[in-house]
Structures are given as structure tokens and as C-alpha cells.
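There is one chain below, alone, in C-alpha cells, taken in the form predicted alone.
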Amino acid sequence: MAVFKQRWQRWLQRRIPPATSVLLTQRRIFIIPTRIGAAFSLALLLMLMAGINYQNSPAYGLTFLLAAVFVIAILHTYRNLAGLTLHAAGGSPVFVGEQATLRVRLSSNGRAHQSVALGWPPQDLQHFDVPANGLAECELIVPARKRGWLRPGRLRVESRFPLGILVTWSLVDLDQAVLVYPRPLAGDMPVAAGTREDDEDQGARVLGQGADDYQGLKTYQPGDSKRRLHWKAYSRGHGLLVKDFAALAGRDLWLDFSELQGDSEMRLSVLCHWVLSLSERQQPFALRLPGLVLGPDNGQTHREACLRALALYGQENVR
């Protein structure tokens, strides 16, 4: 079975190579009967045998009429996919445990395409209609189970229109990928040991998780402690807010991977939490990973660079 799958994948790679835009043509479309179609074919065979056995002309006529419908359905089912173009439209980064959204744009070169299904099995396929000479924007959901680049693989596109007795399908690789950040995990701030000694000389203070220096309210971020949720503000319609406490005042922070205990994934999750938290406060900070130092800096660009470094730590930094 494994050898067959490898040969099948190599054959698909040659026949439908990866591309950000794929036009479905005869070479890239396959068609087979569905279960209903198989039962329909079996019924035609039984009707033909009965007609031959009893030399019944109406039975012959009905059998050949239904067989003609089956043949015509092959053409119309195939035409519902032929000429459809799929374009990769990107996706936004997510955190581990969330649902990644990948966008696909469907465009018609002429006729309309009805009830086109897209997705990555074993998940349910989503159905879309594409107007004649028009576009359809599709958002497909994929679970993000681990950090790094999420590549869902070949996208299944199929149609059973118009009768449902045949299914025409293709497996296209739109070369799509979405970045998955570590799951944020609340924990003590992993400030580098040398920083604390310098802070004492400069009069700065370091406050860990649970400090009493209340700063106000901030927007809830994944990984924030549920005990700090401000439910009164939520009940008043102000959104999900958490109570914010100061972590450090007087100098930049150095978040250090080596200051944490536990396995790599847990350390990355804690660092991810503090990158989000400090970015929300607009507090300048630096991130130190084995072989990599980012910052000190703040702002959206620095936040994204740090999250990307955490997501790709220990992996190939290529898409």
C-alpha cells in the first residue's frame, strides 16, 4: 500500500505539478461513478438481461434511454469542472490549536460552475457556485496542530452536478502554506539573569506574574490568565478585557530561552505569551534564542519577527 501511494504521488506530481494558479483541463480532471451511479449501472444491466430474457421491446427502449442519460451525464458532469481556474489567495498566521483559514479564488473562463466542492479530506468539503465569467472567494478551514509551516497538501476539488450519479474530481497543489505560532502559555517572565543585576543599579524593577502594580485594562490575548478577566466590562459590552500588571519599568527586557525550564515547546509557548503581552503594552524588549537575537525593539514588525522566530525554531526557515 505504501509503495502504491508513493507511485500515485509521483504520478500526480508529474501530471498536476504545484502552482499558485491551476486551470482544470481534460488532463487534470478524473471522473468515476458514485455509489448511486454504480447502483444505476447495475439496474440498467438487470433491465437489459430481463429484456433479453423476455424479448420485451419496451424494456429495451427504457434501458437504452436511461443508458443514454448516463452517457450524457458524463459530459455535463465533466463540463462543470472543465475551464475552472483555482488561484491561491494566501492565509493569515494562527496559533497552535486554532483553525487556520486558507483562501482560494475560483474564476470562470466562460460558463457557470455549480456546486463545486473544495477541501482537504477527511474534513468535509465546502460547496461553492461560480458565476459565468465571474469569481468566487472561498475560505477553507484547516486545524493547526503544530507550530511551523502548515502545508495542507493537495486540495480536492470535485463536482457531482447535475445528477449525482458521477463525480468528477481533481487533486491540485496550490503551493499554499500558513505560519503557525506556538500556543501562548502564561508563566513567569524569562528575563535574562544579567538583566536583573543591571536593573538594581539603574533603579528598575522587575515584577513577575501576579505582581500588584495594576496598570489598567488591555485586550485579551491567547494565553492570558483567565483569573484576570474583567467580567464586568464584558457584561457591559466592552469586549473581553484583562487586568494588566506592570512587568518591568526603567529599561528594555531581554526574554531569554535559556532562563526557562521544561521542554522546548513549553519554553516557546511561554516566550510567545510574553511577546504578545509586551507588544500589547508597547514595551520594548529583546528575544534571545539559541543562535538568534532579535531587538531590543517594539512595534508590529518586531512582534511578527519574534513570533516567526518562535514558530520556526529548530525547523527549516524556508517555506
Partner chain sequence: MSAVQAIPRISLLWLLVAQVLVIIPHLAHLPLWIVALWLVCAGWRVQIYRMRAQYPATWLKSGLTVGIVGGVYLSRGSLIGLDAGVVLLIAAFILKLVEMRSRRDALVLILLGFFAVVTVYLFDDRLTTVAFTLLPVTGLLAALIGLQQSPLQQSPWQPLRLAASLLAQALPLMLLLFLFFPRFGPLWSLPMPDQRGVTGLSDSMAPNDIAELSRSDALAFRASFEGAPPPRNQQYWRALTFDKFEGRRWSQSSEVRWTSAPSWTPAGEPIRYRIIMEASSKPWLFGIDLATTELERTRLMSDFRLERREPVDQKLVYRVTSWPQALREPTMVKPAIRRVLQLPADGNPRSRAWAQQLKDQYPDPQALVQAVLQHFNREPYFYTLRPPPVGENSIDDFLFDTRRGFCEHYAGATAFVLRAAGVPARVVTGYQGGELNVSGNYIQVRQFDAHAWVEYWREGTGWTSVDPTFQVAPQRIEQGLEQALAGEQSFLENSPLSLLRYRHIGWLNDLRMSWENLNYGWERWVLGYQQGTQLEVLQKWFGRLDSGDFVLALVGGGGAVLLLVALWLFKPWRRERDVHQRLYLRFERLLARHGVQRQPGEGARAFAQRAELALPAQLGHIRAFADAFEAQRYGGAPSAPDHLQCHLRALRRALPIRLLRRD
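Here the rigid core means the biggest group of C-alpha atoms that line up within 1.5 Å when the two forms are laid on top of each other. As the structure is a computational prediction, the values presented were derived from the model and not from experiment. Numbering follows the first chain given and starts at 1.
Heads up, the form predicted together with its partner chain isn't pictured, but that's what we're talking about next.
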item	value
Heavy atom distance at most 4.5 Å to its partner chain in the predicted complex, all of 186, 303 and 312	no
Residue (of 39, 32, 266, 293) lying close to its partner chain in the predicted complex, criterion heavy atoms within 4.5 Å	39
Option touching its partner chain, based on a heavy atom within 4.5 Å in the predicted complex, out of 220, 78, 120, 95	78
Its partner chain contact in the predicted complex: residue 261, any heavy atom under 4.5 Å	no
4.5 angstroms heavy atom contact with its partner chain in the predicted complex for residue 163	yes
Partner proximity in the predicted complex: residue 111 to its partner chain, non-hydrogen atom cutoff 4.5 Å	yes
is_contact(residue 137, its partner chain) in the predicted complex, heavy atom dist at most 4.5 Å	no
Its partner chain in the predicted complex: contacting segment from 266-274, 281-289, 49-57, 253-261, heavy atom within 4.5 Å	49-57
Large Cα move at residue 260 between the shown form and the other one, threshold 2 Å, rigid core	no
